[in-house]
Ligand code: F6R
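One chain comes next, on its own, written out as structure tokens in the form predicted on its own.
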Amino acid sequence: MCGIIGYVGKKNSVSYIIDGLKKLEYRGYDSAGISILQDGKLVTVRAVGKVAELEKATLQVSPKGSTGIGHTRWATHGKPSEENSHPHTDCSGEIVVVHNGIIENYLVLRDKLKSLGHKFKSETDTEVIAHLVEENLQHIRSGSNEEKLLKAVQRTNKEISGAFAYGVLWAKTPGLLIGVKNQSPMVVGMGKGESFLASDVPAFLKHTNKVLFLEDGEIALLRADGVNVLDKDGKTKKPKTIKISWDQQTAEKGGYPHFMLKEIYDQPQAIEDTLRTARTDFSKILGLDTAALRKLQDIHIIACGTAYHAGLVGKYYLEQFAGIPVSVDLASEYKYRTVPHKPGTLAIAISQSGETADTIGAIKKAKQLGFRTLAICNVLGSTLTRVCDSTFFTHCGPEISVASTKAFTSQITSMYALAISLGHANGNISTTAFDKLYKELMRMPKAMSEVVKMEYEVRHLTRKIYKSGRFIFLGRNVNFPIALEGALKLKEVSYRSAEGFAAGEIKHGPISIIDKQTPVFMLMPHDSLFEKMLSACQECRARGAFVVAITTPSGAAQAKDVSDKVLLVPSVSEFLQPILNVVPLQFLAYWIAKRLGCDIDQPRNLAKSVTVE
């Protein structure tokens, strides 16, 4: 959940680390810290709050050194405070550690280390790592200091359990930074005369696009002149680097006031880039021939949060076009419920980051059950993509705002492409039908370019309703998940109470919370259920609700008669309509949050990648 950045090079590392922490602030922002190796001693500065507070504190101390590490925190153990901020030190103050993840057995280790005389200064699980390294160093007699540190880290790794990634500096090994990865993200950047350690690529993308994604159990030894990698057995392996195509401008706001707004406007390009590979032969991606694809009898979709809503849309697609029964599970539930073993099952995990702990755990369970696994993911080389048998990448670039927008619509686009491809492969739809559906899909970037022009109209609408205490979103069929997503977006960024329901269910309870001036958003394109949605509008309006109809041009006249406001989106085929319908709801969440003065890109209590259970 937290953000890590480390630097080894020939320049003063402070600016590199502070800048990297700013790029990683979406991963955690209740406190931050930095440690610099200066003249043989570690200078550590920490501050509660965002990286800006750390930057102020660092300017007062003004450390200088070519090796350093930094951290921005999202608390899992211990309240946000300077004492609990990373980096954490050992008793001597010569070892510092930054860490992302959870050490599950830290209480047992803490008691053991206390009995050996170690003094703890924080409530965190991370501090255990620093003291373990210190303790293990005391029992290593031979070798250079660098060799001793490596051995101490290796011994430490055997003692701790959980999901973790951490970086270590020792004052006695200047010019060396060690990184460890186990079930939490960790990447290495390899520049000219400098090396970077980070929990995500944007931290150093400004300086290099040559990236090495560490595997579970691997240890990286970073020096200015290069990187050595040891596998989980301690053997040296040749680093396999990837060149990231994202440039720094892509990862920045691009002139918009918030990443969320920029990323809403990124959606036409994101969908176009995703569609560049949409007609890829899915039999090759899945590693199955046509005969094997036809034997698929069941599909499990596993995801969390916004990705779960994309999975719900995908269920409609797969059952409609591929004719295969689909279940959609929250990953946190899938992991712990009884899942019957059924031959011919495909498990699909959806995740923007590919580092969501619950999703990774759930897909590992699916693999243990013998299911074929597919990741729909946005991050090349992420943990999920390495766990799954195959991956379909959503090429939408870095998504920085905590509230997902372009990743969501790209995930739905991918699910549609998968559904029609499977339907074509198993004979559920003809070649003629597939070609028609594919052509409609390829027109989506243009349609999305039209729908993002709605911002001003939605912005104007929010003046009337942003102070409301409760918001309701209603949809039917393939638009029901979009109602859920609209409510989630609003809750995430504005902290307002919002609920999404299937419109046919309102008489079964939800209508009781609709009262005078409650804003109710109706997702009602002019499709087969349009008449049903008109009735729902009338029911809500009769109870004093402020009804907003989101419809297509052919439904505008009738929608106007039963609503207080009509928002028109371009008309596409019924099953592609949700991709457009969600955009006004994204703008709605953004502008209500902005009018309320909320921290839009970094909502309270949330982080971008939930990398702990």
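Please read all numbers here as calculations on a predicted model, not as lab measurements. Residue positions are given as counts along the sequence shown, with the first one as 1.
In what follows, reference is made to the form predicted in complex with this ligand, a form of this protein that is not presented.
- Message: Please pick out the stretch from 140-148, 334-342, 396-404, 204-212 that is in contact with this ligand in the predicted complex, where contact means heavy atoms within 4.5 Å.
- Response: Contact-bearing stretch, as computed: 396-404.
- Task: Using the partner position in the predicted complex, report whether T72 sits within 4.5 Å of this ligand, counting heavy atoms only.
- Result: T72: no contact with this ligand in the predicted complex.
- Message: So, T306 and this ligand: in the predicted complex, are they within 4.5 Å at any heavy atom pair?
- Response: T306 belongs to the contact set for this ligand.
- May I ask you to check whether E492 falls inside a 4.5 Å heavy atom distance of this ligand in the predicted complex? It does: once this ligand is placed as it appears in the predicted complex, E492 has a heavy atom within 4.5 Å of it.
- So, in the predicted complex, is S353 in contact with this ligand at a 4.5 angstroms heavy atom limit? S353: yes, in contact with this ligand in the predicted complex.
- Message: Please tell me which of S85, Q411, T126, T383 lies within 4.5 Å of this ligand in the predicted complex, judged by heavy atoms.
- Response: Selected option: Q411.
- Query: Looking at A165, V153, L488, M444, which has any heavy atom no more than 4.5 Å from this ligand in the predicted complex?
  - Reply: Selected residue: L488.
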